[in-house]
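First comes one chain, alone, set out as structure tokens in the form predicted on its own.
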């Protein structure tokens, strides 16, 4: 038995082929297409309310944001943004002048998930289900990361005309060894749309798989995120510690494993605070965080190596926690994107002006946390950064908030087929 299927009851062996699961999902396609979108929104809103109350899920990493994201009003806005302002396109033809338009499901959506964020599968599953697709999801690791518990809570949800257990019949969550090329090919050839999250090697391998000619491929590849603290903000803000605390919140959530977490924060030279003083602010906020669980040997080695490199260089400085590798603040004036160490390791780099940062930006940089001062300055920076292909410029404290668009993509809009009627 090489395939594990993740269910509300846990993981169970599921044979050596995906064919039975694919056949079962395809049988549910017509049923999913008939569910009114309002009913799906109501069920997911019920799911949202249960997540923080149910002992099976309330302690999962990232659950508070997931619960908020699943609220009906948020998903309604998401659909409006993705569907020309009108989710009714999902339920049938809508008048568009003399003609009619509808948004039909792609069909079967195959998803390859990264393993860095436990709740990540839900951010692909929910848009696909709202678009009335059936879903085959491959997890990165055999450990469920709480996915079985999320499915269990969803299974218990019920609203008029729809139950969570009924919706789960349109979902199959599996794990198998990524070396099993024939199973990856089965997934790919069954898909009407593919969603791929992962690092460079995973993306290259999955996008190279054979697929059907009509298949839509949506890729969320490796990204790097940064922060910028401006001179205006530092010299005029009565409480710069609030900005620092917000950045530390972005650092702490998911332990910087998310692609949207800041790794390097650039600080404009100013007349109020030295770089070391700002580093001390970060150190104070990081010290308030609860201690991390025991680290693996590789991550610990990476942190200690970065500390040693910065401590031995006279042009650099470092502030580190006394209690092992709990957190680290590295400071310098070398205007480059530092290699991500993660695990509460932040690099502060002093610049004369944020304009020095723009040449570093490109499609690889996903999110920039901006604390620049005047709206005019933020807009000027955002124009330059997004012209360089940055996807998001957001205030610190919300860098990890999953939203639409993400990586420049409106996901629901890519998981439907727009069809026309001209009677």
Partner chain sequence: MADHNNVRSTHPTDVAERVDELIRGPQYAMPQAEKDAVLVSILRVLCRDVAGRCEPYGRFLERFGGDVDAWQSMSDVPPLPVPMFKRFLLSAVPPEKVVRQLLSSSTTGRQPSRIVIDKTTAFRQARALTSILKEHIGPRRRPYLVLDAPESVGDGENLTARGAAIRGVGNFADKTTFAMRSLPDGNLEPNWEGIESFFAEHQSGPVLLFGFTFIVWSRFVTEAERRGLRFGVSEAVLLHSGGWKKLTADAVSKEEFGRRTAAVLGCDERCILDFYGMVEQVGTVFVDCEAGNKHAPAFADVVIRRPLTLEQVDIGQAGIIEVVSTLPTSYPGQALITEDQGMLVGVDDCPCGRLGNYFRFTSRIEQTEIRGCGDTFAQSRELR
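Bear in mind the structure is a predicted one, so any value in this text is a computation, not a measurement. Residue numbers count along the first chain shown, from 1.
Another form exists, predicted in complex with its partner chain; not displayed. Remarks below refer to it.
Candidate site formed by 200, 296 and 300: every one of these residues places a non-hydrogen atom within 4.5 angstroms of its partner chain in the predicted complex. Only one of 191-199, 101-109, 160-168, 70-78 places residue heavy atoms within 4.5 angstroms of its partner chain in the predicted complex, namely 191-199. Think of it this way: in the predicted complex, its partner chain has a heavy atom of just one of 88, 246, 126, 325 within 4.5 Å, and the residue is 325. Taking 174, 320, 253, 275 one by one, only a single residue has any non-hydrogen atom within 4.5 Å of its partner chain in the predicted complex, and it is 320.
None of the heavy atoms of residue 39 is located within 4.5 Å of its partner chain in the predicted complex. In the predicted complex, its partner chain sits within 4.5 Å of a heavy atom belonging to residue 342. Interface membership of residue 93, defined by any non-hydrogen atom within 4.5 Å of its partner chain in the predicted complex, is ruled out. Using a 4.5 angstroms limit between non-hydrogen atoms, residue 313 touches its partner chain in the predicted complex.
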